[in-house]
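Laid out below as structure tokens are two forms of one and the same protein chain, each shown alone and named structure 1 and structure 2.
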Structure 1
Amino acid sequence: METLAAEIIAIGNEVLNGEIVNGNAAYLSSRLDDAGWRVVRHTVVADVEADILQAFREAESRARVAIVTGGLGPTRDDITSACAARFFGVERRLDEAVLAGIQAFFERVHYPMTENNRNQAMFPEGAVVLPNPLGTAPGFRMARADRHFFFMPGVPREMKRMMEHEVLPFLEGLLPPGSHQSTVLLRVFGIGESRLDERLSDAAAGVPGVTLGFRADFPENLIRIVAEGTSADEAQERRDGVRAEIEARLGDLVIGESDRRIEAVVGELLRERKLRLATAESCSGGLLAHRLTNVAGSSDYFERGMVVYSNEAKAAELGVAEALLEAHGAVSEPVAIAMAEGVRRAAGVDLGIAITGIAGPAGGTEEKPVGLVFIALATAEGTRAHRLQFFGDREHIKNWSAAIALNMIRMHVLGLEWAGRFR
């Protein structure tokens, strides 16, 4: 067994039969890896006692740490706690303090508590309770010799909070001297993965214990910096040094860290500068507005979004001249400019951005093929438009269109000029 081996076990028929995608495992693997633990196996088992106990036995034989999710609810098929008690050879006991917390939770949400919720306050003897302020299913941890088991709810937001606040701090204390690790993911936009690798091939040269990795998160790319050190401070110092070198090389291509997608970065920039924005979309069908408003607090800077799919809508809602539509067609630079200026004027905002194009699979011509998109940004200083040619299916083209539009906003607010192409 490796000293820092970890295993992830998901319990639940709904996960095993595909009703629920096991996204928890991806998150847990990433966070464990960031913390210096190597995940050696993912296991998914049904709500069957024999299968659960076998999964526990196998995990104990392979890994020092086992992360178990699911089966902590109040219903009769939630048997994880009972299985844990049997595995560790102990009885379960009611935790009165936890029960009081569950009762208080139901009182706060004005919902009657059923008797079976008491099951969530039953824990194996010797278990350390892991609080769950977001729901009614506390987690718990148990140990035998140097093997540590963590039991958490399967609800993603509850599990993630528990992992961050309860499990990871505990795991930090299990790391042996000299095995500390610090990781960061940088998100970049406007450069291809192969070109990115080429430009950063020697970015970590001369810094011991640092490795770089790359992966796509369409339409953006991620750079993973992993630094090892004899202490947490040394690992972080090495990581930050390489990060500074990467940011110096890539400049405005770096959006931020991995959990902040470009729409969140754009929103923060608009809020800081007290700018308001409106969108006019044709081929993207409101996807740009959706991404902008998917960020909490977007009402601070987003005024309105218009989906103007037909020529009649473009003319009626945005004031695009019918003569302009007839002369150039809806998919053209002049019409994109007129749409951006029209929505800026109609909404009375600082910035108006427009997207018009051919998402396919039909509708293209030799002169205007599928994937041709025009994006225009209207500001107080004037309007700038870009002609872009995307490839792929309808969804791919729509996603590219929204992403490029967001980057145009970002670059403008930062006082930079986007050349209309990837580097």
Structure 2
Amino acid sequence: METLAAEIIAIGNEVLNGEIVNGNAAYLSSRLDDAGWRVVRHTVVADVEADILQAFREAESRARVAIVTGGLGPTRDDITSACAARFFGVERRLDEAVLAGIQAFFERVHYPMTENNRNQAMFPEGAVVLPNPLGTAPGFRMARADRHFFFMPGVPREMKRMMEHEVLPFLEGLLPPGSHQSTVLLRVFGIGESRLDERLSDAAAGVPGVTLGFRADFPENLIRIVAEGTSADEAQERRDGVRAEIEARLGDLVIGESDRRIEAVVGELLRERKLRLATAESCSGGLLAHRLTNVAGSSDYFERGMVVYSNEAKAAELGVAEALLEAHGAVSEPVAIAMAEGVRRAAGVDLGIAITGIAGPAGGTEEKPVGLVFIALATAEGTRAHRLQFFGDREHIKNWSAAIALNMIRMHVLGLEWAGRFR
């Protein structure tokens, strides 16, 4: 099967002058790639009509599909819709239904609607509106011959939802008939990308029409299995065969399918087994609790979390003995263990997890450098702790700490031992 070419165009001075990084393009690329499209170019242009039209012309000449983001807001420099009308040689018209929706949105949030919000209800004739339940600017799609243009807001959250619910389902229909494709993304944790590539280099050998791809979704990694076949069944069968082979090779490194991050997997495991959890965090500063509570329904298993920055808080909230803090320092295995046991006891839950470390940039010593982190998990069967050394900046160290803690919970609930290191 020949993959089809796609281009991604971002419109906006804020991207072009470097105020924001073009993360939308990376997201769109990987989603298009997952869906069997070949992205041939990213372009960023200013909020300038001539530049936008030029980018549209170039994309039309090269690619079957152009995904355009940005410039749909209410302000004067939002001219994407007017440029699309010019490009397709049509007028713009007010969409009354969309206008009513925008008015209702403003009423609901008790916020005055300004006159320029009307601009967001103006669409080129012939455009198909793409709903935006998360904001005031709907997107739209237009076509000429076999070329398709999709226009979406630049706000990542709104754009992503529109991509998933409106654009990707439509793109599926553009794939040539008789060629079927089946894709799955597996999420893994605890193994680096190059090592993953090495261990799976021949995992799809002998299965025709299957390709493997790897990408990082820090600090996790994703494995993409794309299988092609002459029927949907054949494609899916090939995909599932290779998936089983990969799962056999990687074992507990596989967290699950990609749409569920590790906190969602942990949450489901805790709920299934009716286990309740409490957290005690020092260097991760609440990030572990934040990730756990990002999952809807997490109050079913998350009881409480303590962010104990000061030694006083560690003593008062978790009953960590002052003698222990003095003898070993707050960043030590005994203190991590005391924190985990303390929060388990205080909250009266099944599992207590604790993180203590040095997130930096200051506070490191030769003996205890920045990035040194202890993580302990207290359970009915006892407490287990790991010493870890991370590298990088403050946010990086916080991220790794929370991710490893989540994985320790996952492994424990599954009855597995974590070796405390990466493979």
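These numbers were taken from a predicted model, which means no experiment stands behind them. For residue numbers, the reference is structure 1: its sequence is counted from 1. If you superpose the two forms and keep the largest set of C-alpha atoms that fall within 1.5 Å, you have the rigid core.
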item	value
Form predicted together with a further copy of the same chain - which displayed structure it is	2
Exceeds or equals 2 Å, Cα of Thr69 between structures 1 and 2, core fit	yes
Flag for Leu28, CA shift 2 Å or larger between structures 1 and 2 after aligning core	yes
Core-superposed C-alpha of Ala143 shifting 2 Å or more between structures 1 and 2	yes
Core-aligned Cα shift of Pro153 between structures 1 and 2, given in Å	8.3
